[in-house]
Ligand SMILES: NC(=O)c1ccc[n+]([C@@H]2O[C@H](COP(=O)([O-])OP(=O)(O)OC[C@H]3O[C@@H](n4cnc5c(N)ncnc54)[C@H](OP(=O)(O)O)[C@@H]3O)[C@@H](O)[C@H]2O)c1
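First, one chain by itself: the form predicted alone, in structure tokens.
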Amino acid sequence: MALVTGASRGIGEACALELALRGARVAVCARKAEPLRQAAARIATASGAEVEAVPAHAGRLADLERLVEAVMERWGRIDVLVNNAGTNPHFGPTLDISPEAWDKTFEVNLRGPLLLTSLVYRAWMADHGGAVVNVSSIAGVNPALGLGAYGVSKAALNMLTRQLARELGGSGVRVNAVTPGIVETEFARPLWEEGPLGDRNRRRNPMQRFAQPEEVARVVGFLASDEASYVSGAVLQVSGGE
């Protein structure tokens, strides 16, 4: 059974579909109920799997507690957790970010994965093992102009991944991360759409193109599977060579 946050579109929806195609029952989470319900229906239709939509804010403890409680009540287990939900409310010089935008970035991108992993660990994985995959970003590895706070939050998520892998490995819990480059999603549209910025980013990539959500999802599916049974603490770049 797999739980995927930020799953109403983009990488999150693709990850949920990939896990469903691999045979998992899937709970999908996002803030907005109707887009989430529509994504759950698409995933169920495409995979034939059992899919449940549970609206929740990925950065708020009360919402995450309710999320885990709902999933455990429905299925009684959570074997795979994909922390995909992310936000980037500020694009521009890092020193220009407001305290509110900084806090929001870290609330969703770092605090949320920590809280949800803790809840899932205590609810199921501590006694039964499991796999956690954090969706980070290449901006957490290589500094990117305009994405400073976002990149810092993702760099911290990479370190959290390694730290939890060390701490939870004895319980049979593997913790890994993927760091996508620019992916053609609505979230990243300003970085890849046609225009000076998109053209520059495309030329800069060694493969001269951007990723599709499914290309990231397949790596997440591998890390969540028994094929990666001895992989933990990895921060795997899915960036076309950047």
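Everything quoted here is computed from the prediction, not taken from an experiment. Numbering starts at 1 and follows the sequence shown.
Keep in mind that the form predicted together with this ligand is not shown, yet the notes after this line are about it.
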### Task
Run the contact test on 32, 58 and 181 with a 4.5 Å heavy atom cut-off to this ligand in the predicted complex and return yes or no.
yes
### Task
Please run the contact check for residue 71 against this ligand in the predicted complex: heavy atoms, 4.5 angstroms, yes or no?
no
### Task
Using a 4.5 Å heavy atom cut-off, state whether residue 135 contacts this ligand in the predicted complex.
yes
### Query
Does this ligand come within 4.5 Å of any heavy atom of residue 85 in the predicted complex?
yes
### Contact label in the predicted complex: residue 47 to this ligand, heavy atom within 4.5 Å
no
#### Entry: Option touching this ligand, based on a heavy atom within 4.5 Å in the predicted complex, out of 165, 119, 144, 108
108
### Query
Based on heavy atom distances of at most 4.5 Å to this ligand in the predicted complex, which listed stretch, 146 to 154, 125 to 133, 95 to 103, 74 to 82, is the contact stretch?
146 to 154
### Query
For 6 to 26: residues with a non-hydrogen atom within 4.5 angstroms of this ligand in the predicted complex?
6, 7, 8, 9, 10, 11, 12
